[in-house]
Every structure is written in C-alpha cells, then in structure tokens.
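Quick setup: one chain, the form predicted alone, written in structure tokens, and binding and motion questions come after.
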Amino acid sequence: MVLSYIVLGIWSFVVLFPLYWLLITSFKLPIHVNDGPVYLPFIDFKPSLHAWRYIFVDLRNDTLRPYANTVIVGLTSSVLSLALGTAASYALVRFEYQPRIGTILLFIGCMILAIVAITLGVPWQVAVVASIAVFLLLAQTIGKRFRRHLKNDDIAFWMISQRILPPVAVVIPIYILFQRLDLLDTRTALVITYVATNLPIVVWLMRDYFQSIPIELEECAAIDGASPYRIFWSIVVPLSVPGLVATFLFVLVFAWNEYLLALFLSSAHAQTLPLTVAAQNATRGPQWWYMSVLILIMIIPVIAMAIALERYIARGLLVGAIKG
C-alpha cells in the first residue's frame, strides 16, 4: 500500500509539474525567466501580472477573437463529427452494405472529369452538377452489370485509413479547394476540414462501442413494433452515452489543439488560439511568459470539461469506446 502511494505520488508530480511550471511562468517577469529556473513564488521571485495584463488588456482583441474562433470551431466540428460518425458507425455494425466496386470507380471517374472541367475554366457549380448527373445516368444503365462488391469491414477500413493519411499530404489540395470556394480564412472552412479529419476517429471508436451492445435488446424492441429510428434513439443512444462522451472529448481535443490545417486555412479573421501561441515565438525569441498565459486559458476549459464528465469517460474507456 505504501509503495502504491509512493508510485502514485511520483506519477502525480510528473503529470502536474508542467502545469505548475506554466502557472508560475505566467506570473514571472522576463528577467526571472531568463535568469534560470526558479520555482517558488514570493521566495525565488516576486509574482507579477504583467503578462496577464498584456494578453487581456493590450492584446485584448487579438486574444479574444482567436479564443472565440477556437471555441466555436472546436465545439461545432466535434458535435457534427460525433453526429455523423455515430450514425455511420451504427449503420456499419447493424446493417449490411454491398457497394459495387465498378459503381465506386464510376463515381471517382466522374469526379476526376469535374476537376478537369474546372481546371479548363468551367464554373465549379456547373461541373459538379454535370458530373453527378453523368454518374447517376451511368450507374442506372451499366451499374447493374458489375458483380464484385465491398463489405462493411472494407468500408470501415477505408474510413479509418483516411485518418492514417498525414494532413500535410492533403493540405495543399484543401487550400486550393477553399480558395476556389472563396472560403479561406473562415470558420466554415475550418469546421468542414475538422469534421472530415475527425470523422474516421468517431467511426473507429463508436463502432467498437456499438458492437459491445447486445443486439438482443434491439431485436426485442423490433418484435414489440419499434421502428429502427425509435430503437436507435430510445435504446442505443442512452446505452451509448459513456462512449459518446469519451469520443466527443477525444475529437474536441484534436480540434482544439489542431495547428497545421489552421495555419494554411486561416489568417486574421478565423485564426485559432494555437496559432496565437506560436506567434509569441517571434524575432525577439520565445516569450515564455505570454505563451504560458495563452496555454493556460486554452487548456482550462478542456480540463474542466474532462473533470465534469469523468464518470462517463471512465465507463466509456472500460466498456469499449477506446478499446479498438
């Protein structure tokens, strides 16, 4: 028992010391930071509020706007990712899909033709509508001749593999896409991008969670006359609350801390807080005291949310949301 407390105490010190370092650095003057490591307020150094005044008074608009962007983009993209990913993962677990490979290739071919048409000067709205019309026509005429098809596991693997692709590999096409749509430096562009990047994570985590729910419960409800939508909202969703909460926090943290895509897709109006933190490393060198203030106000909401939802997260971790 004593050894357990010693190990837990050491581990708690390792985990909490970076937060303590951030806190005391935010109250240090530059001379105290540059003079070397000092850790005890009122003993090693005299605390000062100069960094907090600079961030919240002198840079008020340059701090509050990125903060609002981070909150709006993070929450919106996480809610949308959770809604779309939950529906997709439930469908992959409970329903059997057999999309024909030939039809998929037809769709890809039509999209390539649309891109070529846009490159040649055709308005993108006309190119997209025409390519979709051509695809529907081909799918209805020759689509039935294709025999080979995919299974649910193939679809799930394809969705999960999209998250393996590093964002830097696709950031330039995404930049050009939003530039053509006149959506650069907008929250809409960031929300769409974060939903696309976090959707595979939601599918991956919630798919394992839904597989842990006994199908007999849903079969009994179906025998009593409940529709599939009623079964989903009245039985599956209430049983999945721990998994939904754990998954929501995961994707929220990813969206909250995302840097690379925000760097390319935003500048002045849609800039998020990670970019503001990075901007403190300017020509004068890293301004650790300003960075500490920004990082503290950035992580406090997520930590508070994790503490408030701790019991749901623990159940989600144990039941299966993160076992995958």
Partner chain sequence: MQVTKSTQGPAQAEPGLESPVVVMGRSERMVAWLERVASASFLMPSVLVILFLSIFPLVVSLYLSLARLQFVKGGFKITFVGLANYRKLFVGSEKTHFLGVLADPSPLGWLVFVAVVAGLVLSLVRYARSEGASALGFFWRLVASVITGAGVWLLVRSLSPGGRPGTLVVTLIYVFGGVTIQYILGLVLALLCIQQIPGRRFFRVVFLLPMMITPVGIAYMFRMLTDFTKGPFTPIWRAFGLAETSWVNNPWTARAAVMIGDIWQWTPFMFIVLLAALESQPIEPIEAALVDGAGRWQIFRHITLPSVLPVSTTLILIRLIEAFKIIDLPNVLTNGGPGTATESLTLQAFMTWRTLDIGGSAAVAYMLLLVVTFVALVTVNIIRRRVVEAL
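Basically, rigid core = biggest C-alpha set you can superpose within 1.5 Å across the two forms. Computed from a prediction, not measured in an experiment: that's the story for all the values here. Residue numbers count along the first chain shown, from 1.
Another form, the form predicted together with the partner chain, is not on view; read the next lines as being about it.
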(message) Check D153 for me: does it contact the partner chain in the model of the complex (non-hydrogen atoms, 4.5 angstroms)?
(response) yes
(message) I'd like to know if E96 sits close to the partner chain in the model of the complex, meaning any non-hydrogen atom pair within 4.5 angstroms.
(response) yes
(message) Considering non-hydrogen atoms and a 4.5 Å limit, does the partner chain approach I160 in the model of the complex?
(response) yes
(request) Answer for G243 alone: is it within 4.5 Å of the partner chain in the model of the complex, judged on heavy atom distances? (result) yes
(request) Quick one: from V122, L138, I235, I115, grab the residue that has a heavy atom within 4.5 Å of the partner chain in the model of the complex. (result) I115
(message) With the partner left out here, which residues of 74 to 88 have a non-hydrogen atom within 4.5 Å of the partner chain in the model of the complex?
(response) L84, G85, A87, A88
(request) Please check if I10 moves between this form and the one not shown, taking a CA shift of 2 Å or more relative to the superposed core as movement. (result) yes
